[in-house]
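Below you'll find only one chain, the form predicted on its own, shown as structure tokens.
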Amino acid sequence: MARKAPTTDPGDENLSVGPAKDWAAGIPGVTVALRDAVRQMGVKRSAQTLPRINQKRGFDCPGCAWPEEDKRHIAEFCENGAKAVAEEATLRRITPEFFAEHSVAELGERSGYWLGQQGRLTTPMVLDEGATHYRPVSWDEAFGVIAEELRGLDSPDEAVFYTSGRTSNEAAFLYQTFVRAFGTNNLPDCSNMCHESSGSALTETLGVGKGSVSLADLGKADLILVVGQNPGTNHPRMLAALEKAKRGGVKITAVNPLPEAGLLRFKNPQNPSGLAGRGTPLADRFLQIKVGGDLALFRAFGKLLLEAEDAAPGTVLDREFIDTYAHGFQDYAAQARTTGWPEILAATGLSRAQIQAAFEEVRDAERLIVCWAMGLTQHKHAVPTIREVVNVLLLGGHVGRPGAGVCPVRGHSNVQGDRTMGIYEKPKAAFLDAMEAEFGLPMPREHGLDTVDAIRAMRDGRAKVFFAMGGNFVAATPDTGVTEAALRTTALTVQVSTKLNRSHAVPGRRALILPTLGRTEVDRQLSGEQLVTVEDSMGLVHASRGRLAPASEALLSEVAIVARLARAVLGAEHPVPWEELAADYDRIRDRIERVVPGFDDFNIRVRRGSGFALPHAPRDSRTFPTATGKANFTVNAFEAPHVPPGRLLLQTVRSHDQYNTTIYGLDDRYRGVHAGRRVVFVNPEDLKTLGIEDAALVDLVSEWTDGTERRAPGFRVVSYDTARGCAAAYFPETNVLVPLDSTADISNTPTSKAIVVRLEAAG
């Protein structure tokens, strides 16, 4: 029996703010998870579904990419994972009658929360040119519309093929095969907006754009630095791994402008003591750094390490590692030594004593891990910042050693796997060579468009078809007005989706919604039930098997959608056996094995236990596939955001009732916010200086060096313990403040963590 979805859009009129919490999870986490599951799925379906999340014979959580240990808990999921599964396995349904009742214009006035709460999409829908409402369409007609538009382009490069991080390895590999067979490398993905800076920095310095540590390494470390990351909301299962490491004697330092509840104290809901007791304090040290000051902090660590080595030669740095495996040490050391303390202290907002105390732990650690997320990656100087992190690790030889290394913590559950499968606008020649050898087809060699450049191309009329394999492109991207206008200039937009989101209300002249299976559902093809695979944040590949009946008989899997689309566009004579590959995903995995290094015996190994780890040369053998053949020290200009008097530096964050662009609810109980999202967190001393009262209603106005301004109206001020001179607010509500052309150097990632704003009284 279908459950009723909300019929009205909740506003912020009931918004309330209470004290922030100094602990995470516990009984409230369990209660909220079960409440939301029952509301969406009912008691019986919840009991059938929740125990299968992240189990060896179950399905991979569609939320974050945090890995699992070989031995699994019966409840191997977090609160937000339960919410993600509940929304996918919901009993609520969106039928053609829904679209007949609601025009595209009306859907555009609804909030992302309301749209997501309506339930699962069940039927392919088309918006004809000039129409006001979507109408149902057959799959054959839908593929015909896409084929007509793609074949009518002057060049394949006039099409953009976007991918979110929830697409399976099999679907991603087949998707990029189709796109390249069509003739373009226009394969932007959500990585372009989050961890592209990590990949850029790590590829240059270590030769592999992924993290080097395993889950077991966390327990072998002496010190873990958690920098620019909020595990309690964004990767909650990481807290259990940190708790285990802490109980084994590992020290943890948190570096963040905001105190985050999960890193302060964790009440593990998987343990009775965690539910009933006070929980485990995780962070031994909290460095409340200014937004964008992380490069300065790691420069300070490097400077102090060099000076300590000068004072006691042969006792601080790992000279054997540096001399044998590294390149560029002398140039880096010369620059680091000359960096001045006034600049470091101004950029970090920390005292010299705070930095010194943290440094001593870094110096004394024989095994050091640095974890980070978008607090580091979404700055103009994000790539140099991560290169400075690597510099510090190289000084101590903390790469290729158990319990040490780099740990960029990814978001979506298979965002790393999609990149491994070839979802990338700048493919390496070796990958394209392997594709040509496997399929006997020429592969396009010219680099394609990333996410920001794809928006520019649509805005300028150079891209005319937009195809999205999952995701919520409109809510994920910067410069909301420009992005929406760009999409509306296209001839056709296509969204492959499980649920309704804001992007469906921003169509091109024609638009299609193609409903697809979710992770929780049985995927049955001609050869029988299929499994798919994903890669977690630490490079482990494992299987995922849905068990629920599909939400509609009309749903196709992503693999089937790609295969039928490819045949419709490329024609009956195209040599790739699309139908055979879609009929049996083992055949896709056979192709992956021959194209992608590390997937030997793919079909055999993925069916064994927890799957298998992909090779990582720096970790496995201290070999570095860089331009120099060694791990590279880098020389980076000293950079930190400049904030004029009377202004604040705003960073965007997620609420606890949110995962990426998906809004599960309107509460952020860890920060004390309830029944609303349009809030801005500001230090109480800054409020005094600015003459603004707590709970005042303000507009956020961003200011840019070219003189332009952008406005996000109607935010309630919340006095909060954030770093002085800094503020925070939720995205996607604040995406409008970030210009399309404000991006990180090298990675082209939007600068959503460093927005100079002024607060104006709301009009």
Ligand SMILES: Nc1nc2c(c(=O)[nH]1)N[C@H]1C(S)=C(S)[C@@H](COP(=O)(O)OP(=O)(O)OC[C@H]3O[C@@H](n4cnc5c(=O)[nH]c(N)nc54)[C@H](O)[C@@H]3O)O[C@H]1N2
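In this text the structure is predicted, and so the values were computed from the model without any measurement. Residue indices: 1-based, along the sequence shown.
Separately, the form predicted in complex with this ligand exists; it is not shown, and the next lines address it.
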Inset, instruction - May I ask you to choose, among 683, 533, 214, 472, the residue with a heavy atom within 4.5 Å of this ligand in the model of the complex? - result: 472
Inset, instruction - Identify which of 454, 369, 496, 171 has a heavy atom within 4.5 Å of this ligand in the model of the complex; exactly one of them does. - result: 496
Inset, instruction - Report yes if all three of 482, 484 and 508 come within 4.5 Å of this ligand in the model of the complex by some heavy atom, otherwise no. - result: no
Inset, instruction - Mind telling me which stretch in 728 to 736, 694 to 702, 38 to 46, 709 to 717 gets its heavy atoms within 4.5 Å of this ligand in the model of the complex? - result: 728 to 736
Legend entry - residue 752 within 4.5 Å of this ligand in the model of the complex, heavy atoms: yes
Legend entry - Partner proximity in the model of the complex: residue 551 to this ligand, non-hydrogen atom cutoff 4.5 Å: no
Legend entry - residue 654 within 4.5 Å of this ligand in the model of the complex, heavy atoms: yes
Inset, instruction - Decide whether residue 375 counts as a contact residue for this ligand in the model of the complex under a heavy atom distance cut-off of 4.5 Å. - result: yes
Inset, instruction - Determine the residues of 651 to 670 with a heavy atom within 4.5 Å of this ligand in the model of the complex and present them in sequence order; the list may be empty. - result: 651, 652, 653, 654, 658, 659, 660, 661, 662
